[in-house]
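What follows is a single chain, given as structure tokens, in the form predicted on its own.
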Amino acid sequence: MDRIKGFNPFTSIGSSALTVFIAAVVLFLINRAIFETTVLVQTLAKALGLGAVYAIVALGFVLIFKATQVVNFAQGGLAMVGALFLSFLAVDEHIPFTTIQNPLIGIGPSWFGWGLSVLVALVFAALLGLVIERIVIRPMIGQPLFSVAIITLGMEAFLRTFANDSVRVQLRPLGIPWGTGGFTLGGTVGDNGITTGGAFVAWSYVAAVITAAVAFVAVFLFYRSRMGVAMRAVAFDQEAAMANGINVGLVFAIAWAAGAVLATIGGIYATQPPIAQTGAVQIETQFIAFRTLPAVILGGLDSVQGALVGGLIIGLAEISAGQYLSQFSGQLGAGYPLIVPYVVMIIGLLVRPYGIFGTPEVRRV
């Protein structure tokens, strides 16, 4: 029979805590909008940029999980390796692991050649995802999901070791055209033509938001295609999908290729503000996947819209905490903004254990 639902005190406490928290945040933002408009605008712009990056990486987690029911712990390694490939192409100007000159460099303006190199890097990432799926994941079809998850953790260690050795001595720049530049909203233009007092918005924030929008629209359209319907069927019931003639292996391959591409995009943006200021691949680049996990869990592991909403919520929480609680850094510690996403995730899970848009499991006994 179906499991009987009873009163859950943890859910009740979580709902009350979440209501109080949201009310406090709304009142605080209204206060800041009145008295510190410039700081609020800059904070929201930064939060949107960070949330967009989290949403992109979270979408990669979701696509793989929906198809295979496995959390891909190798996303961080894929992100770093994909960004490294772009560095080889765009900065070293040669095909990785060879002395062959990159033929795309010198075609049109510099930003155009760089953009073409990004596309090649994404193709490489997709191929790497396909290879991992074919050699490591597909033979494990039908095996315990825990074992498959541990295999992805092993792949993370392998990819991370390779990538770390490439940047341990010297960071690997990506040659991103917009760098750390941006524009100013509001402010006053002086006689020297310099704007002061406005809200600074980095171009990387804008690029991340646009990229996230394109990624989610592409996934929205893909799910309405024939292959997208097949992927949704596999996500619902793999055995039933196989019985109806759906090529589950092909669905797995597409999910891993897409997940690797999204991880690489996240790795590229992980070198940019607001995550980093170096514009180069470094050891910390790999952590973008683990920083994204609260967004994935909060939104729901099997929900595309949850990836977007979770990413934006976690980005807003992290940046707002860093901006408005900085005066308490002595008591909270220097790294407290990175803890806030996990606090938000825990509160969210107390209210909705499967995430905001996650699908609850129906257990029968």
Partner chain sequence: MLEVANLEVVYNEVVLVLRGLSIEVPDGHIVALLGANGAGKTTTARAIGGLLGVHEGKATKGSVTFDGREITNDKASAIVTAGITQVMEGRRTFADLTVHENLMCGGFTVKDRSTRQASYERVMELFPRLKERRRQVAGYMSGGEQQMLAIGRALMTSPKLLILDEPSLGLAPQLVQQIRDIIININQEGTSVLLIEQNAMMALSIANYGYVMETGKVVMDGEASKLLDDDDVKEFYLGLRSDESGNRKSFRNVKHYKRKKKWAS
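Positions refer to the first chain, counted from 1. These figures come from a predicted structure and were not determined experimentally.
One more form of this protein should be noted, the form predicted together with its partner chain, which is absent from this view; the next part is about it.
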- 260-268, 225-233, 83-91, 275-283: which one contacts its partner chain in the predicted complex at 4.5 Å, heavy atom to heavy atom? 225-233
- Message: Taking its partner chain as it sits in the predicted complex, is residue 244 in contact with it (heavy atom to heavy atom, 4.5 Å or less)?
- Response: yes
- Message: Whether residue 240 contacts its partner chain in the predicted complex should be assessed with a 4.5 Å heavy atom distance threshold; does it?
- Response: yes
